[in-house]
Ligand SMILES: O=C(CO)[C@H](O)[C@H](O)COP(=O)(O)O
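Read the single chain below, which is given as C-alpha cells and is the form predicted on its own.
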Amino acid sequence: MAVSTVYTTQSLNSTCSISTPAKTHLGSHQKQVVFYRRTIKRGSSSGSCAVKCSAGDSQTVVIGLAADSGCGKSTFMRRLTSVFGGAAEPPKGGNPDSNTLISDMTTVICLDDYHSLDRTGRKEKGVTALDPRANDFDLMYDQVKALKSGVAVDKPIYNHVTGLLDPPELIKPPKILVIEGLHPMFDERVRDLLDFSIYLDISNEVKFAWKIQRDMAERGHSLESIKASIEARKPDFDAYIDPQKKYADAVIEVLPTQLIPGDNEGKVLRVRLIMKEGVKHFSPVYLFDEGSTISWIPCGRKLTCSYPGIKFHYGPDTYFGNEVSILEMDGQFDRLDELIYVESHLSNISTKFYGEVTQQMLKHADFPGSNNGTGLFQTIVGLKIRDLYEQITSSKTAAPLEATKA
C-alpha cells in the first residue's frame, strides 16, 4: 500500500496536508507528500501553492548559473542544452508565458519564478527583484531539494509580460536541473544542493556598452534613461548578486579588450575562464602545459583574425582565497572553422571526439559571442558539465555494485 507522511516544517510556515493512500504510476509502495503553503499572491488566480511529491529512483544533478539581467544567461542555456541534445522548449500544453525550458535530458528553471512580490508589489514596497525580500528562498530550497531527490513539484510562474504571479506548473525531476537567475548561490541551503555552479561576471564597462547598444538601437531609450536604470540597480547588485561569484566553481569574466588602448565600446572583449581547483568531478582546462604560465599569440597563417588580433593567456592564480586556473582570450575570431587550431592546443576540455568544440561553435555561429571568448568558454563549460554529469551518474551506478561485492 502507499505510505503517507505528515511534515510540519518551520521553513514552510505551514502544515502539510496529505493525500489519501493510493496506487500511483510509480508503484504501490509510493510515498506521496503535499507541501501546502498559504500565500496571498497579487494578481494571481490562486491563493495557494502546492508541491505534489512522488519519490523517484534516481537523483537529479543540479547546476546553478548566476548573473545579472542581460548578461547572456539565455544564450549560455541554449549552448548547454545543445550539448546534451534535443531542443529546449517550454512545457507542452502549459502556460505560454512559462520561463521553464525542457529538453531531452535537461530542465532549466528561471529563479524569477520564486519572486514573492509581483511588479506592483515591489514598487509599493520600494524594493527591486534583486533584493532578497522580494524572493521566496524557503520555497526555492524546498522545491530544488525535492527535484534533486527525484520528486515532482508544482512550481510557481512569474509572468514577465504582465508582471504578475501566475498559477503553478508541474515540473518533473529531470536528469539535469539547471537553476538560473539572480540568486542561485545566495541562500546557503540552495547553494549546498548544487553539484556545480557558474557565475557570469560582466564588467560594468561592458555591461554599459551592451545596454547602450541594445536599448538605444533597438528600443529607442535615451542615454540618460539607460544610465539611470543601471545606477538604480547597482546598489542591490553589489550587495546581493555580485558576492555570489566567490562561491562559483567556474566564473566567466567579460572585460574590455587590452589590445586596443582606451577601448570601451564592448565590441572586442577580453574573456577569462576562472576555474576553481579541487572541485569533485571537475578538472580545469589548460593551455599547453598544466600549471605553467603561458602567453600565446596564435600563428596568423593558421588562424585568421583581423585587427586587433587574438591573444591567449593561461596560468595559476588565487580568487577570493581559492586556488584557481585561469584561461584568457582577448580578441575575436574571423573564421570559426579555424577554431580547431586553438582547440588542438587545449587540454581537459572533455570532448568525445577531436573537433567537438569547433563543431558546437559552428552549430551555433549565429549566437551572440560566437566570435569571441564568451561563446568559446560557454561551450567548453557545457562540455565539462556533461562530463561531470557522466562521472556522477557512473559513480552512483558503481556504488551498489561495490556494496554487493562487499
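In this text the structure is predicted, and so the values were computed from the model without any measurement. All residue numbers refer to positions in the sequence shown, first residue = 1.
Heads up, the form predicted in complex with this ligand isn't pictured, but that's what we're talking about next.
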property	result
Listed range touching this ligand, judged in the predicted bound form by heavy atoms within 4.5 Å, from 315-323, 276-284, 152-160, 291-299	152-160
In the predicted bound form, the residue from Ser344, Thr351, Gln59, Ser69 that sits within 4.5 Å of this ligand by heavy atoms	Ser69
Answer option from Asp201, Asp136, Asp112, Asp142, heavy atom within 4.5 Å of this ligand in the predicted bound form	Asp112
Contact label in the predicted bound form: Leu182 to this ligand, heavy atom within 4.5 Å	yes
Residue contact check: Arg122 to this ligand in the predicted bound form, 4.5 Å heavy atom	yes
Interface membership of Arg233, this ligand in the predicted bound form, 4.5 Å heavy atom rule	yes
Contact of Val127 with this ligand in the predicted bound form (heavy atom, 4.5 Å)	no
Sequence-ordered list of residues in 321-347 near this ligand in the predicted bound form, where near means a heavy atom within 4.5 Å	none
